[in-house]
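Shown here is one chain on its own, the form predicted alone, set out as structure tokens.
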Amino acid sequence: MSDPLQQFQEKIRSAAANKAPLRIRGSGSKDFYGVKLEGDVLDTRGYSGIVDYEPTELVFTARAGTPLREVEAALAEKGQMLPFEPPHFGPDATFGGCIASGFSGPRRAYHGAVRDFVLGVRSLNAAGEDLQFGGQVMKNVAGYDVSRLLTGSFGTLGLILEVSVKVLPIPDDERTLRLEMNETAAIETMNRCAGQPLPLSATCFTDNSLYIRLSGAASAVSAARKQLGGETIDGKTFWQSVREQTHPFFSNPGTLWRLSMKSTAAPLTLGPTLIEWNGSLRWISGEGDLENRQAVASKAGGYATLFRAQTRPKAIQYLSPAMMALQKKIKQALDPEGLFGPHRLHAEF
């Protein structure tokens, strides 16, 4: 019986020979996202396990099929965490899916996005070749930065085998405050707080309440609590509901839009809204068309994404002709036969 890596290579080479597309998949917790799901499933869960972990160096390496909950548990034992706070969207989410989706949670505005912490990736290309990009240090500048290119590609550029990421210590203290105010006041408050030396790690506005999470040294958190006021709440439960989209705001089974824009943009009045990341991330619940949503986002210096819908959309994001051409060139360079996840992110390829 061949090992999982050999099985992956054999399946990729067979698919390439037969011009049969493959869909790289872990637990499928992110299957809701995208234009289409095409191709035979290449399940990564048989290739799991922690490869290397150096707590003193803040570097963690694991195989793609490793359950994300196991990764977070191993880090927590050493008082560390994934700084980008990735959502699971399912109990069996994998580490590879976390990187391939590129989704970041509430800490993203304060610590950085997934790709900011990816140090290196081992992957298989469309020829089944075992390739390595990057390494286990932040200042690795040799060659093209393909590891970060694979991050957020949803398995459309290659099969991620292993990933090395930088991790950070869990904060000494953490508190969440709730302040009652309207949307306009919340946007102004979030931006004002972001410009001050406060230990912010998350902000969220919903249901006429602004939620602010403070993380860091106990003395800094205590001083900030006194400065900001408000009511202290059970932050762990609240931020988990925002991160995993189990908060009542996300219970509408219809269309969910993700608008990224200038943090100071005024309220959009497009429908029920939940705001994160100091105002730069606006979740909008309700029907609408992509062209209209993109027009609104563009005026606010950003872009719109159709994040979730009851039926598969024709497009999830508008790209300018120049950006579309660039995306096609990248796909052509890394997956010339269109083997991996065709039409997952774009109807054209």
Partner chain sequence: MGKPEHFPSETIKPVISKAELVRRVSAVLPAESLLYDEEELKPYECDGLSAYRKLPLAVALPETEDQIRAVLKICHEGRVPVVFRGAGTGLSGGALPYEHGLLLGLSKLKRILEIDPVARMARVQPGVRNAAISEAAAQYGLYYAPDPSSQIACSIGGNVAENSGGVHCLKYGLTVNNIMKVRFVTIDGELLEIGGDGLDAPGYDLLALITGSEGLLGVVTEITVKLLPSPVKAQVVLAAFDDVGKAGQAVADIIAARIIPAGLEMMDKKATGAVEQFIGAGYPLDAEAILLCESDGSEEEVESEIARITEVLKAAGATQIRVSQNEAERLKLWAGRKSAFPAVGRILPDYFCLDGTIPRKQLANVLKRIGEMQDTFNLQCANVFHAGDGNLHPLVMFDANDDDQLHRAEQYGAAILELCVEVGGTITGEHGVGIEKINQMCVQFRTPELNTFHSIKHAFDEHGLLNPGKAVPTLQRCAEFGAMHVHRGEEKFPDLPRF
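Predicted model, so just to flag it, every value in this text is computed and none were measured. Positions refer to the first chain, counted from 1.
The form predicted in complex with its partner chain exists for this protein as well; it is not shown, and the discussion that follows is about that form.
- By the 4.5 Å heavy atom rule, the three marked residues E72, L177 and L268 all fail to count as contacting its partner chain in the model of the complex.
- The stretch that touches its partner chain in the model of the complex, counting heavy atoms within 4.5 Å, is 195 to 203, out of 246 to 254, 90 to 98, 231 to 239, 195 to 203.
- Only one of the listed residues (L157, I275, L124, L210) places a non-hydrogen atom within 4.5 angstroms of its partner chain in the model of the complex, and that residue is L157.
- Of the residues given (G28, G288, P313, P55), P55 alone sits with a heavy atom within 4.5 Å of its partner chain in the model of the complex.
- Mapping the unseen interface onto this chain, A15 falls outside it, with no heavy atom inside 4.5 Å of its partner chain in the model of the complex.
- Residue contact with its partner chain in the model of the complex: I50 places no heavy atom within 4.5 Å of it.
- Taking non-hydrogen atoms only, L42 never approaches its partner chain to within 4.5 angstroms in the model of the complex.
- In the model of the complex, its partner chain lies within 4.5 Å of some heavy atom of A217.
- Along 241 to 267, residues R258, S260, M261, K262, S263, T264 each place a heavy atom within 4.5 Å of its partner chain in the model of the complex.
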